[in-house]
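The chain below stands alone, shown as structure tokens; this is the form predicted on its own.
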């Protein structure tokens, strides 16, 4: 049986289950610093949902400014209610924007991102190209856009993965209970690479949230993205994935630039496009 209280907190559970905010921001800052020899100060989080990255970016330095863009008013309202009032050190330096990311945004920023595979909502080439062109137009000279994606033979099969998560706290300090995070690939159509996937949550008290999040995505490939990035006018494109320690059978926590990526199992890649 679903709990109405837990249903209202699905975004808090998602953040615990999925997001690695500081790890992502470290990489975004590194991309810009390596290319420009200075620190980025302005940031835009496209498909921002609850704006976790944008607020954390502003909290990193008193000169940092952030904009969080999403078309869905529901997670933006959640961020206004449950995140911004408790991030007082960022007052006036984080702006939530309800907008279509295919429209150029202002002001221009040093770094922009579309993470957690959010840009896969675009099924048609024309829509993804429109987004990439708008994202480039919204960057300062020398700016970088980072997108992530996943693939591999295992990722293209029906998958149900279960991960236990401990109790924690939402951005407003409210406790989040221990739960099991379930990631499900329901089906993939090889003709158009349309993927239907779900996130479910199982609580320790036996209650569940089936299909707390539903994803209707196109599984784009790296060559397709590389071609579209070039067509959108970006000057350079790099692919990174996390290192793996074969001896200890664990990931290293560090992203490395790749000229080759093994497709046998599954992978997550971070793709950096430079203006």
Ligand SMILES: C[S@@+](CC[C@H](N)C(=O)[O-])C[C@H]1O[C@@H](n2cnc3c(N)ncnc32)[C@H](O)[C@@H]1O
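Positions refer to the first chain, counted from 1. Since the model is a prediction, treat every value here as computed from it, not as a measurement.
One more form of this protein exists, namely the form predicted together with the named molecule; it is left out here, but the text below deals with it.
Answer with yes or no whether residue 47 is in contact with the named molecule in the model of the complex, where contact means some heavy atom within 4.5 Å. The answer is yes: residue 47 has a heavy atom within 4.5 Å of the named molecule.
Flag residue 116 as yes or no: does it have a non-hydrogen atom within 4.5 angstroms of any non-hydrogen atom of the named molecule in the model of the complex? Because a heavy atom of residue 116 falls inside 4.5 Å of the named molecule in the model of the complex, the answer is yes.
Residue-level contact is defined here as any heavy atom of the residue lying within 4.5 Å of the named molecule in the model of the complex; does residue 95 satisfy this criterion? Result no; residue 95 lies far from the named molecule in the model of the complex.
Consider residue 121 of the chain shown here, and say whether it contacts the named molecule in the model of the complex, taking contact as heavy atoms within 4.5 Å. Yes, residue 121 sits close enough to the named molecule in the model of the complex that at least one of its heavy atoms falls within 4.5 Å.
Quick one: from 160, 196, 71, 167, grab the residue that has a heavy atom within 4.5 Å of the named molecule in the model of the complex. After the contact test, the surviving option is 71.
Of the options 174, 100, 205, 192, which one has a non-hydrogen atom that comes within 4.5 Å of the named molecule in the model of the complex? Exactly one residue meets the criterion: 100.
Could you tell me which of 121-129, 87-95, 178-186, 151-159 sits within 4.5 Å of the named molecule in the model of the complex, going by non-hydrogen atoms? Looking at the other structure, the answer is 121-129.
Taking the named molecule as it sits in the model of the complex, which residues of 179-215 have a non-hydrogen atom within 4.5 Å of it? Please list them. Contacts from 179-215: just 215.
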